[in-house]
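Here we start with a single chain on its own, the form predicted alone, put down as structure tokens.
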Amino acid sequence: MPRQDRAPDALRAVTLEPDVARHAEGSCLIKFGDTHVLCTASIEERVPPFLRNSGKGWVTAEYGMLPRSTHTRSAREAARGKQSGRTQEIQRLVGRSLRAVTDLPGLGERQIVVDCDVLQADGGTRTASITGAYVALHRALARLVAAGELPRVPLLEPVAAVSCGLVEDQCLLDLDYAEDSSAQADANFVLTASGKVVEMQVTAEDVPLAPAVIDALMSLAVRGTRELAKLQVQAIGQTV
């Protein structure tokens, strides 16, 4: 069996600790096993030029890995002068995922920037980033409500993400780095708490996948994101 420490359909130990950053309007330290990501949300009283005078707000994200978040030191992308394609892909994914559950007109003409900084990586950094980013975003918006600047938190429902994969012909939920690096197929699912699909990324590394395998991976993802949504609402002080 490829996995000994937990069941094939089990998440790693997950914790979400809100309000860890003193100066950010919203923050969350999320841990998916040995993957740790600090998510902070910053409120800006402006919007991108294409949204000026539209009455709508905007949510965007930035993503980065600290130099020693992995086994060997990686140079800072700022020192190299440009972001990698992977970094750009992930931060766009995080932004899209958050906007999918945000009532942008309800936000008013302001922008929320969510920064996801990987402190330690062991697989699933993008899925942890999305899951923690939702909590950071909610905390920032709740602050606007508390200040009387918004009548309610303009979020439709929680959004979370989890990885799945086919390892030694077995479908597994929430892959760590060792599992991901040897997977015959890997997938990332971004789902809302009600099970609606925001995005799916499925890649066959070995041979093409049968539809039944994709269905099995999707079933695992639904189960995993449902558990993550419960943890999210606990972290923001709500009930499911």
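A residue's number is simply how far along the shown sequence it sits, counting from 1. These numbers were taken from a predicted model, which means no experiment stands behind them.
Omitted from view is the form predicted in complex with a further copy of the same chain, to which the following refers.
The stretch in contact with a further copy of the same chain in the predicted bound form, judged by heavy atoms within 4.5 Å, is 110-118, chosen from 164-172, 147-155, 127-135, 110-118.
Under a 4.5 angstroms non-hydrogen atom cutoff, a further copy of the same chain in the predicted bound form lacks residue 32 among its neighbouring residues. Not displayed here, a further copy of the same chain is kept clear of residue 16 by more than 4.5 Å at the level of heavy atoms in the predicted bound form. Although the partner is absent from this view, residue 21 contacts a further copy of the same chain in the predicted bound form, with a non-hydrogen atom inside 4.5 angstroms. Using a 4.5 Å cutoff between non-hydrogen atoms, residue 51 does not count as a contact of a further copy of the same chain in the predicted bound form. Of the residues in 51-88, those that come within 4.5 Å of a further copy of the same chain in the predicted bound form through at least one heavy atom are, in sequence order, 62, 63, 64, 66, 67, 68, 69, 70, 71, 73, 76, 77, 78, 79, 81, 82, 83, 84, 85, 86, 88.
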